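The data below hold one chain only, encoded as structure tokens and taken in the form predicted on its own.
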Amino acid sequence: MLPDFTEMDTFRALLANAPGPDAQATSGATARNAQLTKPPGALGRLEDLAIWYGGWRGDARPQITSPQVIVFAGNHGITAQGVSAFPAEVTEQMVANFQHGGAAINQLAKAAGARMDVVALDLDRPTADFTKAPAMSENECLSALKTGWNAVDPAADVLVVGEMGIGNTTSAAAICTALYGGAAAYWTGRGTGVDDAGLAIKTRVVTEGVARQAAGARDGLDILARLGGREIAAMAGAIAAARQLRIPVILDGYICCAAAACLHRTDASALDHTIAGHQSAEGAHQALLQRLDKSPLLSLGLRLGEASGGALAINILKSAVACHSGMATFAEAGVAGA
């Protein structure tokens, strides 16, 4: 059972005291890997993935049978400033598309054998324009964190979270600028494909928002509330809940990783149960992954969001685990070992 929280400091305490991987399962998976019918290290990173996964699941010979993909949706007050190539109404329209199975993520989740859930957060109530006021109050952020926390299926054995929210690459860029410093232009990209004028607007909005909101922030959760969106906070809540349940998480693109970065800044071990599914085409994603010390499994030029890159990576993790758990050992196969 997941513990409950009603205050942000309680959530901070849950992050700080979250469980780690099972040392015995990790040791057992490492030993099994050394006995499989292949030269040592021949499966490269797949071997590391399988051992990492087994440790978090507490099973030296694990299986993946119940992946879950959750897409969270929220609206942003900063869209009124023209930061996106699409109007805010598209968020709600795309939620309907997800619900009717018509989006790319529906197909990718199906191909990965994953359950897919769509969670819309107060679409009729955008966050505040963070150039003028904090995007969310602490209570609003806490509510969004709890929505994500409660959306995770305890029976899932791998989790991917994604988002839909017109304007949320601007929010992600503001979060990264506030967390890591540097010029806003370094962290701000074209998102949905804005032209040069739109990019200039985005960069200005990020600069103004960070100047107004970042000073005095206690940690990543403060930054999340001041510059984030409800869907970004919900992703953070779901990632944190998965840690409590020892469910490994595959991170999606720039916006998902910005949500994860808020957890990481609050507690340095908060992302130990996560891997990066892919490196997106959003320019600053690579820099963000480096700061999170995450090496992506894929780099396919994706810039869709929606958990698409993370969902694609489910099958890589499945393959790693299938090889690890399904291959014969040298002794079982009657093959002479090295």
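What you are looking at is a predicted structure, and each value in this text was computed from that prediction instead of being measured. Residue numbers run from 1 along the displayed sequence.
Heads up, the form predicted together with a further copy of the same chain isn't pictured, but that's what we're talking about next.
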Would you mind picking out the stretch of 267-275, 66-74, 286-294, 44-52 that comes within 4.5 angstroms of a further copy of the same chain in the predicted bound form, counting non-hydrogen atoms?
-> 44-52
Using 4.5 Å between non-hydrogen atoms, is L108 touching a further copy of the same chain in the predicted bound form?
-> yes
N97 near a further copy of the same chain in the predicted bound form, any heavy atom under 4.5 Å?
-> yes
a further copy of the same chain contact in the predicted bound form: Q93, any heavy atom under 4.5 Å | yes
Contact flag, G181 vs a further copy of the same chain in the predicted bound form, heavy atom cut 4.5 Å = no
4.5 Å heavy atom contact with a further copy of the same chain in the predicted bound form for all of L304, L312 and C323 | yes
Using heavy atoms only and a 4.5 Å cut-off, determine which of A217, A185, A104, A128 is in contact with a further copy of the same chain in the predicted bound form.
-> A104
Stretch 68-93 - residues with a heavy atom within 4.5 Å of a further copy of the same chain in the predicted bound form | A85, F86, P87, V90, Q93
